[in-house]
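Before any questions on how it binds or moves, here is one chain, the form predicted on its own, in structure tokens.
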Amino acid sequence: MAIREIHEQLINKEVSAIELASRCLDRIEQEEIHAFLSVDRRSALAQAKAVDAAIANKENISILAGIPCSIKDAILVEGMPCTAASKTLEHYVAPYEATCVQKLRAQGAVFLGKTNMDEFGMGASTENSAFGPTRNPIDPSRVPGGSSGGSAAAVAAQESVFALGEDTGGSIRLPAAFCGIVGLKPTYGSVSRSGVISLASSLDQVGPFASSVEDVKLIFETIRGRDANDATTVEYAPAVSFKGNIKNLRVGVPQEYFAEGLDPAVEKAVRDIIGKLEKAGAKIREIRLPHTKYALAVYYIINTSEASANLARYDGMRYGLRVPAKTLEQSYLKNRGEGLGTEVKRRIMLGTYALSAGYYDAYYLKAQKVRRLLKQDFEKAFESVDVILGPTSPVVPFKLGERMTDPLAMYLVDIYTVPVNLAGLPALSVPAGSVDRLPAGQAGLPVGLHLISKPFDEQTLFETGTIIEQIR
């Protein structure tokens, strides 16, 4: 059910918050998809009990009060483990709380536990977790997407009503697409990153997962806003949207998002939605984003460069895994060598190389210049359209292990999502149907539809996403 429906049942005493939390916790205990890295049953039930007491006392409660949720394990929840799915932080317990979590707690949301992810957010499949991969609830032989795959899988498997993830290059939208749910990557600076373990500081952004656009909107409106602890945040001032009338909606369809490499079945599902939008009265326009072909290269230079700087702190000296060694040099080598996974080491080395003397101008500086060109492509496109539409991923969920030995094949899964992070734009992934590639009698593999709008115009995404939910 939608959050609003659950809220009505709670205040009408048709169900209790403890019953809701218990159902989710029981499902988590029975799960085989490994969506969670840690669960705090005692704390969750205590939170739920407080909500039931408030209802019994006839107090007004928030629409999120008593709603079970899960949090990506890169976001700090005070008193709970926060590992970022890395051995180096295996025993780290958060001493304080992320701002986004504080805002949810103030509304009475019930925190069930922390969800699995690719180590430090580096991956597109949640196979890079030091504690084992998460499986897709639709087909457990396949990946749920990454890096926030645990959060998406928890919502898709009805183990939590909503979840928080973090998106650096598609880490919310890709898992949402692969698990058949809704995921929002907000405008950069609209949601505080205080209390979030950093991957690439100019790209990271916290956002919600849920089963409907309306629920995602509710969560976003709760966690957004300026935070004194994050200098990149701003007072949220919504941009002008098209105000819900589909006949006024101008949809841009980039040629570059329907090129070589796109699964024909995925293209068909997306084209079908475009056709339905046009039939309903939307104005469909083909547009160009000419620098898209450089986005992946630019992203992986900037991502790895910023990651190499951010992850320098995990050396075992102040916190993290510390392996006995005879010398300081051996200590550094062992702490990082044994504490960090293969993909993390790969990106640290790539980023260190890109930032090194003699290569900084050729790689990092040039990547930042092309990043500006990508942003200008979007700015020009939004002069004539309200929203840009395309596939979230060029492929459907792939098999576990299928791309682990080929990093480039894994990176290509993010080809449509990384330009949004480079430009700091908001984007939403909504279900666009499914592809029949499973045995007879099983559900199809989900396809995600990717919506992009102007900075701080999440409202257009929500309105367009709601229209798509209705016409689909």
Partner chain sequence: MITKEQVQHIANLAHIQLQEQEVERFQKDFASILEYFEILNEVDVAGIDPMTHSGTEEKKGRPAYWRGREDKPRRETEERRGKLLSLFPLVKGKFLQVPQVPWQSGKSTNNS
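Numbering follows the first chain given and starts at 1. Please read all numbers here as calculations on a predicted model, not as lab measurements.
We do not show the form predicted together with its partner chain, though everything after this point is about it.
Residue heavy atoms within 4.5 Å of its partner chain in the model of the complex occur in exactly one stretch of 271-279, 115-123, 316-324, 159-167, and that stretch is 316-324. Put simply, of V213, V234, A381, L262 only one has a heavy atom within 4.5 Å of its partner chain in the model of the complex, and it is V234. Proximity to its partner chain in the model of the complex, defined as a heavy atom within 4.5 Å, singles out one entry of Y363, F242, F398, F131, which is Y363. Although the partner is absent here, E78 is a contact residue: one of its heavy atoms lies within 4.5 angstroms of its partner chain in the model of the complex. In the model of the complex, K247 stays away from its partner chain, with no heavy atom inside 4.5 Å. Contact check for K334: a non-hydrogen atom falls within 4.5 Å of its partner chain in the model of the complex.
In the model of the complex, its partner chain lies within 4.5 Å of some heavy atom of N421. If you take 268-295 and check each residue for a heavy atom within 4.5 Å of its partner chain in the model of the complex, you get H291, K293, Y294, in sequence order.
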